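Below you'll find only one chain, the form predicted alone, shown as structure tokens.
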Amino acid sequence: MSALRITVAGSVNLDLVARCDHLPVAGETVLGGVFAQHPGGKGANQALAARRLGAEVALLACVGTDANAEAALSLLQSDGVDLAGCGSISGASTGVALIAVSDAGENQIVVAPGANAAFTPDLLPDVIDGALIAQLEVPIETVCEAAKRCTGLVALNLAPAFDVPDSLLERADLIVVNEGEAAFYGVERLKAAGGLLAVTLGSAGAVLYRDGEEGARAAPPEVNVVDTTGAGDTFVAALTLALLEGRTEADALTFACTASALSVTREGAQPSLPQRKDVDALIAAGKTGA
């Protein structure tokens, strides 16, 4: 069977990460951090996650003309993501995420969008064939237009939380949010959109709603948490791919929770993204959540 094709429209960042023993509170300086640099951005993360899980993936995005662009795209290139639709914006900086990660694996993130903010609708192809995954780290006008031009399934990750028109929610076949985002938008509003709704619950797993009613619930396997950055992006890509493969909703949710759990066992959003064989092996071994 040929690989499914997914187009991801979204952000590309370079993640600048400082690991420390605890996250700072307002006004606090935490010393003794260890610095690392990784490719990131929700769009790039979801594209690479889908690719490593077995899809043929094209990324629609924007980077700057600075030295960070090559580093931000490095893993996407090496893993075979189609970057023909990833443009360079003259004079713009590549997006940067400043991330603090505690020894417990929790994180705080501040994003300077740079070229991501210049990803306007006119840079989209006239038609997006097949499935689309989109998030909200690029202009909302571009997300709405990408959804309109898509001929297949539209998976919408409503992150970070940002006010969106009902027309976009109604076009989405799958909406994915975490608990905080669900509270921001209102679960009843998201259920009323008419598509599938997945709400992630952190270490408790996730729940999937269809037509406003709970259709499936899954928990992740127990793992050693190192860094939760990118876990949500892994979940989005895994759930979208599993549904496209025709899995039952329960099996798709288990696949997504397992993939997401594996992603937190290593540092960095993109270096930690799991391979398909590792997710399948964990599920085959029966090491999924209760």
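The structure presented is a predicted model; accordingly, all values stated were derived computationally and were not measured. All residue numbers are counted from 1 along the displayed sequence.
The form predicted together with a small molecule exists for this protein as well; it is not shown, and the discussion that follows is about that form.
Site residues Asn13, Ala97 and Ala269 are all in contact with the small molecule in the predicted complex, judged by any heavy atom within 4.5 Å. Interface residue among Val111, Ala193, Leu83, Cys144 relative to the small molecule in the predicted complex, by the heavy atom within 4.5 Å criterion: Val111. Figure note: of the listed segments 27 to 35, 235 to 243, 42 to 50, 55 to 63, the one touching the small molecule in the predicted complex, with heavy atoms no more than 4.5 Å away, is 42 to 50.
In the predicted complex, Thr254 stays away from the small molecule, with no heavy atom inside 4.5 Å.
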